[in-house]
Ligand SMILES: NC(=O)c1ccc[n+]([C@@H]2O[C@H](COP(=O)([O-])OP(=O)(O)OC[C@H]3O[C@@H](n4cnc5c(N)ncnc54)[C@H](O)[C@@H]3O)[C@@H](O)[C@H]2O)c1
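Listed next as structure tokens is one chain, alone, in the form predicted alone.
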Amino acid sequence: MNIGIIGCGAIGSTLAKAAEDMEEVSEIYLFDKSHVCSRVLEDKLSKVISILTFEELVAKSDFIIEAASQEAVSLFCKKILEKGKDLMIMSVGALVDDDLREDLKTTAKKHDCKIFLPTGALSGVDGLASAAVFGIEEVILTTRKPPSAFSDVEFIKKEGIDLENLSSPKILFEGTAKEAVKLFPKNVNVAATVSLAGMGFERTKVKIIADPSTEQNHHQITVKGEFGSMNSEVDNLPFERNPKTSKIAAASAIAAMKKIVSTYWVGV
């Protein structure tokens, strides 16, 4: 199988390095607006080929991973599906756009291909999806991160929140997942994943906390429904190459990629 990756940032380059060691993968095509970045990986990894155009990437790849941005989802993903290529989306927050999400689903169905969304920095998503089969009454996601994780969020700047001088945990946001994903596009992709697996963006509740006492990214999912109740928590160390995301988010993407390219799945 030949894999195409859009974006050579922290996640994209990590996926390329992981795919290098997968015997099922023959070639890895990289496309990034910074050709310097993709060429650096080409020099380091034997299976990697730096691609100059998006069209060439799609033509040569059997399976493509978006690892760039929410904007890239809007720009490229429908075109990938129109060519009948399976797709994994890392910037899951882009799917808060109802029109975009439904358009991608319709396109995938029309061209007989699949869209994969990795679990990301969460635990309990399989359980949440199972609970949704019989009906869910409530889903609450609480995300707690060190203040530095929110340093370039426009919403924080507009609200005049002084992250550097926090002496105790501060609630930055409480509301729907739909609002949270739009206001914190680089911080709470997990809210999109929870929404898509469970009750949707409008009914999923989200609380976001900046906590100066922690160096970890903490996510808690509380679910109530006909099945009973579930509480899932995870404390993630930040990803060294991008502290705005969690290390396990990168691992989740690699695990998903392994499933997709192999014939053996655990946890379906």
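Quick caveat: nothing in here was measured; it's all calculated off a predicted structure. A residue's number is simply how far along the shown sequence it sits, counting from 1.
Not on display, but discussed next: the form predicted together with this ligand.
No member of the trio Glu137, Phe201 and Lys205 reaches this ligand in the predicted bound form with any non-hydrogen atom inside 4.5 Å. Contact check for Cys8: a heavy atom falls within 4.5 Å of this ligand in the predicted bound form. At a distance threshold of 4.5 angstroms between non-hydrogen atoms, Asn242 is in contact with this ligand in the predicted bound form. Among residues of the shown chain, Val234 is not one whose heavy atoms approach this ligand to within 4.5 Å in the predicted bound form. None of the heavy atoms of Tyr29 is located within 4.5 Å of this ligand in the predicted bound form. Residue Ala68 is the only one of Leu45, Met230, Ala68, Leu57 with a heavy atom lying within 4.5 Å of this ligand in the predicted bound form. A single residue from the set Leu166, Ile161, Leu75, Ile171 has any heavy atom within 4.5 angstroms of this ligand in the predicted bound form; that residue is Leu75. Residues of just one listed stretch (220 to 228, 57 to 65, 207 to 215, 29 to 37) have heavy atoms within 4.5 Å of this ligand in the predicted bound form: 29 to 37. Residues Met90, Ser91, Val92 are the ones in 88 to 104 with at least one heavy atom within 4.5 Å of this ligand in the predicted bound form, listed in sequence order.
Figure legend: C-alpha atoms of Val188 and Asp99, shown here, are separated by at least 3 angstroms less in the predicted bound form. Note on Val96 and Val188: their C-alpha atoms are nearer in the predicted bound form, a change of at least 3 Å from this conformation.
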